[in-house]
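Shown below, as structure tokens, is a lone chain in the form predicted on its own; questions about how it binds or moves come after it.
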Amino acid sequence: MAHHHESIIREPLMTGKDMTYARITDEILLPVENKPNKAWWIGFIVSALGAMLWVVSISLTFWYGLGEWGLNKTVGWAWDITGFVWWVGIGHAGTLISAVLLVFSQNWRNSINRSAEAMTIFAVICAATYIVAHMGRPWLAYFTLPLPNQYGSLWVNWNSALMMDVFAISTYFSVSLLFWYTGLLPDIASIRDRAKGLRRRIYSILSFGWTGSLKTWQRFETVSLILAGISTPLVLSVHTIVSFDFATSLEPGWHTTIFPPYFVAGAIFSGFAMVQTLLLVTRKVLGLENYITMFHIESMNKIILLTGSIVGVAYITEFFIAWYSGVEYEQYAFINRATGPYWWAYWSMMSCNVISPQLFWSSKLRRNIPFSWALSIVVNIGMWFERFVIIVTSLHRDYIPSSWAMFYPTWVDVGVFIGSIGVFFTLFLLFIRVLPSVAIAEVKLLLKTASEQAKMKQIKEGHLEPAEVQYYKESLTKYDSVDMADYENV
């Protein structure tokens, strides 16, 4: 038998023949070291226009106040908190891919963790803009922190879930940023060593003197594991605390103990969908088919299927508990969601989040790239509707019919949300322009064991069972980056 730790029947995590360490570096750094192509410019211009809309909308909000939004006395939380929870949820997949899969030694994370981590950083930034904006007096945002101030002692309510939000999300952002940047150090050093002039000086500063010595790598791996260990509970805790914004209230439709696990599952669901949305485009535009393979795409689709099913069970559980409680106000809150004036939002949520992911039971659809990309967008639309349904439909009809009111968003509401998407994509496009979107150092670890090239070498050595070789060849037929002609005579 071949002396390898990687089984032949496992699908390769990197494809391509004649792969070398130098070729991996060259291909991944190609978009960083060369001028951007037309596709990048089109995406950047569209995203930048969206970011400009955000600047205009948020400026009007700061100048005139929250009256620019469609809020009223009954619905005091609407698109702002919907957008906030949506962005925090999207930021969860990055930490899950980077930290949790690292702790469990899942090597398929190596090709996708860098982009997912960057997505986490940018999503949390977009979420933070909502936190500041809906404060009403954003210039006093520092009141939420235990800092000395000119007004004397300032006692914040530490029992409030909103205060927990501030500290949970700021901690999450800090750890995620440190984890992301630590992982970048060896790759920044690679860019530094290949650059000249001003670029070399800039990347030299950013690399923090990385030398690539044995001691440096040992410390790098130790720090990565420590940060992964810290980040893993944050994946569960952050969105749990976000769910406390609702679950600790007495509002029918919010006051439910299933919210913490339900919100965490929904966050991973929407986060992986956004990773899929970004990486399928990045993979094609930057020519990274050898590194982001069909195995990665199918694995993420399986996680979307799993978490989508968990979210569906949570929806059913909410209805059951409302019926079982015998509380007429709780029962009405859920009946109103499905049949009231916002029925269209509820059924959009159910269609996108519960029904559409079940299509991934089909292996052909899991491996269909255009379908996977379209469904990833559908999932995130559905998750936005979920947050909208939870927030608005629970508020617009309360105990007293005389205070019932409908929420209608203004163009500023819409502008802030669409603009935040523009900010997110602008940041992501700038990221892939100046830093490698795939972790070079980590992908190189796959070359000798988990690559198609390494497995072909095992086959050619002739020590493998024919059934194993046949099984492996059949698994490769779904790869769009594998030339099956190479296997005709094997």
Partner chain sequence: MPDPVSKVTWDNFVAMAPSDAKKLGLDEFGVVKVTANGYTVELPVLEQPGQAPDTISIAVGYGRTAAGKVGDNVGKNAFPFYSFLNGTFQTTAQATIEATGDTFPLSQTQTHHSYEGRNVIRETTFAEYKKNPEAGKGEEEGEHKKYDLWENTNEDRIHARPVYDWVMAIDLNACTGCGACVIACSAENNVPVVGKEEVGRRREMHWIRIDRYYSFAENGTAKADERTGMVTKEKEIAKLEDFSNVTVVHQPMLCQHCDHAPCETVCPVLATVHSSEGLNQMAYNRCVGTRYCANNCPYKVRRFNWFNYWNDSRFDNYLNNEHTQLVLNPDVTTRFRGVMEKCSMCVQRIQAGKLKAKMEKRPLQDGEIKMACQQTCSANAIIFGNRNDKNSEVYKALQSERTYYVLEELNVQPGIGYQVKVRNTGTESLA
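Positions refer to the first chain, counted from 1. Please read all numbers here as calculations on a predicted model, not as lab measurements.
Below, we refer to the form predicted together with the partner chain, which is not included among the displayed structures.
Which one of these stretches, 84 to 92, 250 to 258, 348 to 356, 415 to 423, sits within 4.5 Å of the partner chain in the model of the complex when only heavy atoms are counted? The contacting stretch is 250 to 258.
Please identify the residue among W411, W323, Y332, F371 with any heavy atom within 4.5 Å of the partner chain in the model of the complex. Looking at W411, W323, Y332, F371 one by one, just Y332 meets the 4.5 Å heavy-atom criterion.
Counting any non-hydrogen atom inside 4.5 Å, which residue from S160, T317, Q106, S309 sits next to the partner chain in the model of the complex? Exactly one listed residue reaches within 4.5 Å, namely S160.
Heavy atom of each of Y64, E68 and D80 within 4.5 Å of the partner chain in the model of the complex: Every residue of the spot touches the partner chain in the model of the complex.
Any chance I125 has a heavy atom within 4.5 Å of the partner chain in the model of the complex? Flag for I125 set to no.
Quick check on S376: any heavy atom within 4.5 Å of the partner chain in the model of the complex? Heavy-atom contact with the partner chain at 4.5 Å: absent for S376.
In the model of the complex, is there a heavy atom of the partner chain that lies within 4.5 Å of any heavy atom of D398, even though the partner is absent here? Residue-level check for D398: yes, a contact with the partner chain.
Can you check whether L140 is within 4.5 Å of the partner chain in the model of the complex, heavy atom basis? Although the partner chain is absent here, L140 would touch it in the model of the complex, with heavy atoms inside 4.5 Å.
Residues of stretch 224 to 248 in contact with the partner chain in the model of the complex (4.5 Å, non-hydrogen atom): Contacts from 224 to 248: F244, D245, F246, T248.
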